[in-house]
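Starting off, we have a lone chain in the form predicted alone, written out as structure tokens.
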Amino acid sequence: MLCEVKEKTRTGIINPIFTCQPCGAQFVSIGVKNCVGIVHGGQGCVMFVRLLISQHFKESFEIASSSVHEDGAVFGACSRVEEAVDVLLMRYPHIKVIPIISTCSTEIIGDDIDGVVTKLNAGLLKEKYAGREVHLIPIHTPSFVGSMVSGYDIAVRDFVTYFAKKTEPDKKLNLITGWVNPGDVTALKHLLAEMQIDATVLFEIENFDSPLMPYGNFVSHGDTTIEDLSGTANAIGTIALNRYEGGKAALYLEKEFGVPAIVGPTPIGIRNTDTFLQNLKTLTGRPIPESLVRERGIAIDALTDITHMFLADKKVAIYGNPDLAIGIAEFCLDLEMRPVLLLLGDDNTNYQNDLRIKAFQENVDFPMEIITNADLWELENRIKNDGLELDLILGHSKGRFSAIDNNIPMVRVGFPTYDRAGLYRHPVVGYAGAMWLAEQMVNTIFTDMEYKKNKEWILNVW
């Protein structure tokens, strides 16, 4: 078998691909309107995650911390949650939703955040905030298992489980975007608008490309409302774009309320975008309009101009969130490239059963490694010590040192990206995303050729 799937054999992590589960839950919470999450743990559990998200989006937003210190770690820190909820409600009169996000330290000491929520609902909220709409949602995201990806998936499920309420059926579609950028949300909304589909785009962060207004600073927030979340049980169907970032919620809605669910594929590249549009058509009955057929044709023409001449047989390493990394690998194969190394950076044991990975194993005709529970040393070691030759690296900014030190061109894609400007505005999904990503790869190879003073033949130009 030319495509091998294997787990990292080393104990320990050197330069992790992901951060921890609470980061994923925090990313979900910033997509909900009138919501500020409380991260129940040390201040660093908020500070470093907020820094990461702010570096990526270059925007300001709000996340709170229960600020657990040594005494809380020894004697328990549930009182810190109670105090944090009270302070948050006093300071922000518009807040309606407060997820309480656990961390490794508070899970280890056994703090009962579910019990605290019950106590606050029966006490503080009735006594001090009577008549005010407040929703406290416990979200368990211990950092010693999973990653920010599984934390995102858990939080999406918990929000939907808490709010979804069956009333009257409507004709809206649920679209769970997964961990995407504002530019991706804009591109997805464009596709929905062209098909005239009324959809609830869940946990969407389009507003994180925020304006600087003359009347004051703009604090970024998501646009998913309580009403949106409540109405998910009444939709005609749910599409979760990513299996590992929203799949749990889609399957919950199907099992609990009979809302048909389609999970994936991530609409990266022509083939997967075609499938996404067909899924929209299946669930809504809406035809695919000529405008999107034309848009697809423009994208195919753009890819035809560059694929065989400039991208064919180029060896690429890919890492990042699993649905993104797998989707990009599929796209690279369609572009005649060779994704020789795919790094999936957490302890999810289900990757072996992913049908997309099974398709790689069945169809790839060149040596390809897929490493699970991987870190970025897996990339570094193969380049430096195992003689892996690469034409391109695709991944977020944390892998830049491997690219710089080994003189390999790199396209930044995924989260976090903080050493390139404005990438969050550009989609990687849809037909527009296919064009942008492919042209980024080609232009990066062109630039690398110039720096290395190579002649044109290296790009298959005759």
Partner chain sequence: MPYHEFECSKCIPERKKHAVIKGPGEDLTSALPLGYLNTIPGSISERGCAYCGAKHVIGTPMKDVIHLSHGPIGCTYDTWQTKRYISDNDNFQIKNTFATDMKEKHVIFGAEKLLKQTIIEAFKAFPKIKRMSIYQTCASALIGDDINAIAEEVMEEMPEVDIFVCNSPGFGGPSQSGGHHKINIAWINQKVGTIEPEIISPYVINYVGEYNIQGDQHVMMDFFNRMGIQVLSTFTGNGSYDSLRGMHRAHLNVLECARSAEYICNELKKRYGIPRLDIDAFGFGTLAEALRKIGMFFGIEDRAQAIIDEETARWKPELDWYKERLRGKKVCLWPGGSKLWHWAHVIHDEFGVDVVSVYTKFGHQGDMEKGISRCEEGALAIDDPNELEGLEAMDMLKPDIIFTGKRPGEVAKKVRVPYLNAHAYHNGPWKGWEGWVRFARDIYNGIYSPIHQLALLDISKDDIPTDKGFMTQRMLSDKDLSEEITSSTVLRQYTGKYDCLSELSKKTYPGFDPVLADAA
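Remember, it's a predicted structure, so these values are computed and weren't measured experimentally. Numbering follows the first chain given and starts at 1.
Heads up, the form predicted in complex with its partner chain isn't pictured, but that's what we're talking about next.
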| item | value |
| --- | --- |
| Site test, R10, V36 and L376 vs its partner chain in the predicted bound form, non-hydrogen atom cutoff 4.5 Å | yes |
| Sole residue of A122, M213, I298, A130 within 4.5 Å of its partner chain in the predicted bound form, by heavy atom | M213 |
| Its partner chain: the contacting residue among T284, T372, N272, S143 in the predicted bound form [heavy atom, 4.5 Å] | S143 |
| Which of 164-172, 328-336, 276-284, 97-105 sits within 4.5 Å of its partner chain in the predicted bound form, heavy atom basis | 97-105 |
| Contact of V293 with its partner chain in the predicted bound form (heavy atom, 4.5 Å) | no |
| H426, heavy atom within 4.5 angstroms of its partner chain in the predicted bound form | no |
| R420: touches its partner chain in the predicted bound form, heavy atom cutoff 4.5 angstroms | no |
| Residue contact check: S66 to its partner chain in the predicted bound form, 4.5 Å heavy atom | yes |
| Residues of 49-63 having any heavy atom within 4.5 Å of its partner chain in the predicted bound form, listed in sequence order | V49, R50, L51, L52, S54, Q55, K58, E59, S60, E62, I63 |
